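Starting off, we have a lone chain in the form predicted alone, written out as structure tokens.
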């Protein structure tokens, strides 16, 4: 699992690559929470390189969403692989998150 971030326009874009499962979720949560401690109120989670997510990974996404909402921020997701988008749809998470097809759509929505 690789996690990196970059500033694009007025967004903090967090890039996620690899598998987000039980063995990786604690490390992922720690990394993204450290990234979210700044003044960034607009965050895009770019999942183009994410090829698997477990319930533990979904939990971390939900924690991020709640943190951003509590601080008056905004979290957008983009580039979900079809299998991951299906998991979001089946779990009802598609109703909780703002999901865009690609990064440009997330930046310009």
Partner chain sequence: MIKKNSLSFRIIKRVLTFTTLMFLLVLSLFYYFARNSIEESARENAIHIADNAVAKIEQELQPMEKIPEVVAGLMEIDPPHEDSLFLLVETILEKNQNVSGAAIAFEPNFFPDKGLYYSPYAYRDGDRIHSFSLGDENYEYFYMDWYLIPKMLDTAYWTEPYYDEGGGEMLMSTYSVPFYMRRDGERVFAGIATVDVSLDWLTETVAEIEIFETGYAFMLSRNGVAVTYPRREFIMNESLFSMAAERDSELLREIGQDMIAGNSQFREHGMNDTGRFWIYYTPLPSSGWSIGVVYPDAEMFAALRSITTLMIILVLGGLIVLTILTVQIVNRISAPLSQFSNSARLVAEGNFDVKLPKIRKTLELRELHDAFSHMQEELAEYVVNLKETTAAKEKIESELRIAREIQLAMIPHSFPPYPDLPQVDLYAVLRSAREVGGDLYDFFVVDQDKFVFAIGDVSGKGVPASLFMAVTRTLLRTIADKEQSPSKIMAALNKSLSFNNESNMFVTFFLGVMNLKTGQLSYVNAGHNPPVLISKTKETKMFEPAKTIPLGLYEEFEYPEHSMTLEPGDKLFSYTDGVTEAENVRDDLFDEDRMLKVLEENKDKSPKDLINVMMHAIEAHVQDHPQSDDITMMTVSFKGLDHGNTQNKADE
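These numbers were taken from a predicted model, which means no experiment stands behind them. Numbering follows the first chain given and starts at 1.
Missing here is the form predicted in complex with its partner chain; even so, the following discussion is about that form.
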With a 4.5 Å heavy atom cut-off, would you call residue 10 a contact of its partner chain in the predicted complex?
no
Under a 4.5 Å heavy atom criterion, is residue 56 part of the interface with its partner chain in the predicted complex?
yes
Look up in the predicted complex whether residue 66 has a non-hydrogen atom within 4.5 angstroms of its partner chain, and give yes or no.
yes
Given that its partner chain is not shown alongside this chain, does residue 101 nevertheless sit within 4.5 Å of it in the predicted complex, heavy atom to heavy atom?
no
For the stretch 16-39, return the residues whose heavy atoms include at least one within 4.5 Å of its partner chain in the predicted complex, in the order they occur.
19, 22
